[in-house]
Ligand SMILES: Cc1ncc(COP(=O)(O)O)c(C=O)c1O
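Presented below, as structure tokens, is a lone chain in the form predicted alone.
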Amino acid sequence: MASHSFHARLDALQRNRERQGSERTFKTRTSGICFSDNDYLGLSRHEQVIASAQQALRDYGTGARAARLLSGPCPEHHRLEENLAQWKKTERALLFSSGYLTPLGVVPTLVSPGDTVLMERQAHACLFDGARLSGARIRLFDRKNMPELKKNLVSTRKLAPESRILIIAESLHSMDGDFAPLREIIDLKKESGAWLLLDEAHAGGICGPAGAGLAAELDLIQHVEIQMGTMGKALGSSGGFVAATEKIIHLLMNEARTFLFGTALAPASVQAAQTSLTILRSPEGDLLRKKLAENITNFRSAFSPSVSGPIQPVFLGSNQLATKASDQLHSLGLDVPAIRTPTIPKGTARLRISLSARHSDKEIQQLGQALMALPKE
């Protein structure tokens, strides 16, 4: 009977995916010109980054072998943490083995049942999962609706005057491509005595001095308690990190379960990220950010989208239309993914275009022309 009920659920879920047009599959065909990844500066294919990872493979082997506190000292991990902290202008940083695992360890360490997490409705799944694991009460606000955030902060503080409140926001949204109103969020945070965890995953590397992110660009780092980032996007490697005060990092090193009990980040990934970070903070990094900005400007001139960053959504409404458009672009040699429900809210299915410094002017023009030729359904 138990086996039968499991199979019945599997069959029902499959029928539901087919009905909604939300079936996910792995790609089995050649991609063409890639507008689907988050390698915003093209550093994952940089010769120096690849060479440094190869050297780390020779020096340390293919993996970290165990959790950081078990496997013994690795100077590459410590060096990257020191340089990330310098880049983010904080006292310390701490590495996690993936960006997804970072909030799953951090959020439950900071808040617990009896506390409140206020987070964007549009937040990434890893942030929601971290909040749920904490057991804290979760309240939502629209990332552009500051009156709603203020209302939630006021009512939460009245309901539980002594509890902790953690606000979670993405500086550059992974799907909508817009920047958060960070000054307003920080002003409201101060009024309520809350803390802010700012996810800079997509903004890191592309904005601010040396690409240090939106908080650095707006000179607001001192007002952000925890900056979260990733090495899997503009840094061209893999892994996640947080940057904060000595006291916060010491707490996470002792209490964050995904740090304590997960195998550490592979030294080759660490060294690749270190080399990418060095490039980011150099004149070459400035040139790469300039090229990315030029590509964004060229694309906006050709297609007139509504956002100003490297993530450019093209809204189509239904899952079926988004899939059809993605297939049509693929037939023209352009890899542009369809983002569908349930990843995003119903009725907002879209193409998600990711621009990079590695794209040529000709490729940007080709993409703009192909988008203009899509059926207007």
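Everything numeric in this text was worked out from a predicted model, so none of it was measured. We number the residues from 1 along the sequence you see.
The form predicted together with the named molecule exists for this protein as well; it is not shown, and the discussion that follows is about that form.
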- Task: Answer with yes or no whether residue 278 is in contact with the named molecule in the model of the complex, where contact means some heavy atom within 4.5 Å.
- Result: no
- Query: Taking heavy atoms only, is residue 233 within 4.5 angstroms of the named molecule in the model of the complex?
  - Reply: yes
- Answer yes if any heavy atom of residue 202 is within 4.5 Å of a heavy atom of the named molecule in the model of the complex; otherwise answer no. yes
- Do residue 174 and the named molecule share at least one heavy atom pair within 4.5 Å in the model of the complex? yes
- Students should find that, of 86, 71, 112, 98, the residue having a non-hydrogen atom no more than 4.5 angstroms from the named molecule in the model of the complex is 98
- Position in contact with the named molecule when the complex is considered in the model of the complex, options 196, 296, 126, 268, heavy atoms within 4.5 Å: 126
- Query: Is the named molecule close enough to 170, 228 and 239 in the model of the complex that each of the three has a heavy atom within 4.5 Å of it?
  - Reply: yes
- Item | Which of 250-258, 176-184, 98-106, 215-223 sits within 4.5 Å of the named molecule in the model of the complex, heavy atom basis | 98-106
